[in-house]
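Shown below, as structure tokens, is a lone chain in the form predicted on its own; questions about how it binds or moves come after it.
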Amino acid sequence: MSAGVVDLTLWQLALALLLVAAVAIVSIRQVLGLERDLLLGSIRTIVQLYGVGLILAAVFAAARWYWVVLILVVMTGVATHAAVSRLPKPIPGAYRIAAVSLFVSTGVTLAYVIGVVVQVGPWYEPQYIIPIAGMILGSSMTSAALAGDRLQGELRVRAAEVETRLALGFSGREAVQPLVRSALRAAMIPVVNGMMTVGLVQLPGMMTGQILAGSSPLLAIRYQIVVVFMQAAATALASLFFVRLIAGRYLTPAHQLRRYLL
């Protein structure tokens, strides 16, 4: 006999806060100094999620394509800022590069998943496109940030190697290719490792949510497989575009390394 979704009252949510209180106790006892951040993080979690929930409820009820597009634009903007803010050192044009990388990687992956794999009709069905876009953007944002961080670190350490390659007649693209390869690998390893252990170490969020909502475990597994594959594609595309475009900012048209950006 299957049961419906268990409704959570405000009192039950308050009981869940005791879990955060346990973390705060550990922080106090071990003098970690995380109490303020835990309090702020808990407040932001509640406010942000309730705010998003109210907005999504209105968008789901309206079911208009322009509201969906607006939500996607805002999500992309937030992801762009998050990806750029994680770079150790600012880069001229980084916001534009991140926006283009996330827009292209998310757009291509989302269009394929919605139009070809899931075949949602209409395409702007909020119930599908917003959660799927959020998962794709989250993966793209993280991979772009990881790739950018690794590229900057490699450039600082191996600047002399790059300049030697340039002096030997390599083009700018060829001179930084080993560093780009290292950055891409660093960005994609977490996703590949996740694919190796998915379902064995943990049950992913979307699969768990569908099971809790009463869906068949096999149906939830099918959707989770799609999610894993789309996140892998989004990670590869976002990190590739971001690293390639960022690497170009460190090179002059005359194939010289802009050391002052390091």
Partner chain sequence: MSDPIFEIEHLSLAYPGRRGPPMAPILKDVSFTVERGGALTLVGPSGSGKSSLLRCLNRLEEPTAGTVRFEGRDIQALDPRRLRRGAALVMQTPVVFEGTVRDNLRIRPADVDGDLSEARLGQALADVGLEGELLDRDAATLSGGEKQRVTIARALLGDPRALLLDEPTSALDPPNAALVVETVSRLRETRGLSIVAVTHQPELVRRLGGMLLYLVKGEMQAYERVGDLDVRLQAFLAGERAAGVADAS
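Residue numbers count along the first chain shown, from 1. Keep in mind that what you see is a predicted model, and the values were worked out from it rather than measured.
What follows is about the form predicted in complex with its partner chain, which we do not show.
Only one segment in the set 21 to 29, 234 to 242, 8 to 16, 247 to 255 has residues whose heavy atoms sit within 4.5 Å of its partner chain in the predicted complex; it is 247 to 255.
This chain is displayed alone, yet in the predicted complex one of Q127, Q119, T164, S85 has a heavy atom within 4.5 Å of its partner chain; that residue is T164. Checking V74, V192, L168, V108 for any heavy atom within 4.5 Å of its partner chain in the predicted complex turns up a single hit: L168. By the criterion of a heavy atom within 4.5 Å, A160 is counted among the residues contacting its partner chain in the predicted complex. Using a 4.5 Å cutoff between non-hydrogen atoms, R181 does not count as a contact of its partner chain in the predicted complex. For G115, no non-hydrogen atom is located within 4.5 Å of its partner chain in the predicted complex, even though that partner is not displayed. For the chain shown alone, R185 is not a contact residue for its partner chain in the predicted complex, no non-hydrogen atom being within 4.5 angstroms.
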